[in-house]
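Just the one chain here, laid out as structure tokens, in the form predicted on its own.
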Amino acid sequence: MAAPHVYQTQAIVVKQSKIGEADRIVTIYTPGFGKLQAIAKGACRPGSKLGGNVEPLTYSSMMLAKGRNLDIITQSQTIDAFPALRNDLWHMACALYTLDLVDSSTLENSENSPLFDLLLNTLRCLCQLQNDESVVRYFELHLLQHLGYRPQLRRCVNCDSRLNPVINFFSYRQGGILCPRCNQKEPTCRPLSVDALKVLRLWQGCDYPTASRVKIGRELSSELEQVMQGYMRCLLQREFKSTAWLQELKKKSLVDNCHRTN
């Protein structure tokens, strides 16, 4: 059966770019079609009905028409614009980072409805403006799972022995944990503390509310960030501009807090 000429879908707007004087190319992530690129004609014109509904960080219901090269967004109605994120620079940066990861790690027209649900739940959790770094780390871990890169955290990926509660090692190349004995064969692995491994194991098997209740100090948070982002860079073979922005905002926040304390 031929695909319908016009179809409707829910969509999270990932990014957009201007084309010509009035149109935009919009990248969206959908539950039924995965990532798509589509044209929003006239979206740049003042008073356009599409304009605000196709901005990044918008969850919308869209009507699209099949086009020769790119499909065309004919209607779009915002379901949630996540205003709490737009009013907080740090949390907006965290949200844009999740969009960047989804855009960088997925192919067009590759359905992955669990990943859509994960992204939508992440944006909603970030709107609560608390436990933001735990939410982002949880997102990274489960994004990897939905892409088929679930890290092995229970047994050594080399010798398959049960891991003891000691400092073990995360192997980006093998996608999991090496025991201290096997780490000697792969010196490029990074050490992983007992607490970091416990948290990753918990997050791998729990829901967002449970993950957000875990209390994590600054040192452990930094370790988890380095482990997960290192694994993401290894898999995707690229650096992320959104990561650099997060680091700049974090440094500024630490400096401001230090000045207020003094």
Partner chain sequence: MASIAEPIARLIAELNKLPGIGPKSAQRLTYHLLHMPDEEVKSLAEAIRSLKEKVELCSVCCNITDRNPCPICQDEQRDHSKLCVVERPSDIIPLERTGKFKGVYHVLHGTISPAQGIGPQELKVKELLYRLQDNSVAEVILATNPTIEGEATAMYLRQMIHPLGIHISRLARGLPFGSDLEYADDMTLGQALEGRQEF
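Worth saying up front: this structure is predicted, and the values here are computed from it rather than measured. Positions refer to the first chain, counted from 1.
As for the form predicted together with its partner chain, it is not shown, yet the points below apply to it.
Here the chain stands by itself, but in the predicted bound form one stretch of 91 to 99, 173 to 181, 157 to 165, 120 to 128, 91 to 99, has heavy atoms within 4.5 Å of its partner chain.
Contact check for L249: a heavy atom falls within 4.5 Å of its partner chain in the predicted bound form. At a distance threshold of 4.5 angstroms between non-hydrogen atoms, R86 is in contact with its partner chain in the predicted bound form. Taking non-hydrogen atoms only, Q145 never approaches its partner chain to within 4.5 angstroms in the predicted bound form. With a 4.5 Å cutoff on heavy atoms, P56 counts as touching its partner chain in the predicted bound form. In terms of contact with its partner chain in the predicted bound form, the residue from L192, A81, C189, L153 that brings a heavy atom within 4.5 Å is A81. This chain lacks the partner; the member of G205, P209, G217, P46 within 4.5 angstroms of its partner chain in the predicted bound form by a non-hydrogen atom is P46. In sequence order, K241, S242 are the residues of 219 to 243 having a heavy atom within 4.5 Å of its partner chain in the predicted bound form; the partner itself is omitted from this view.
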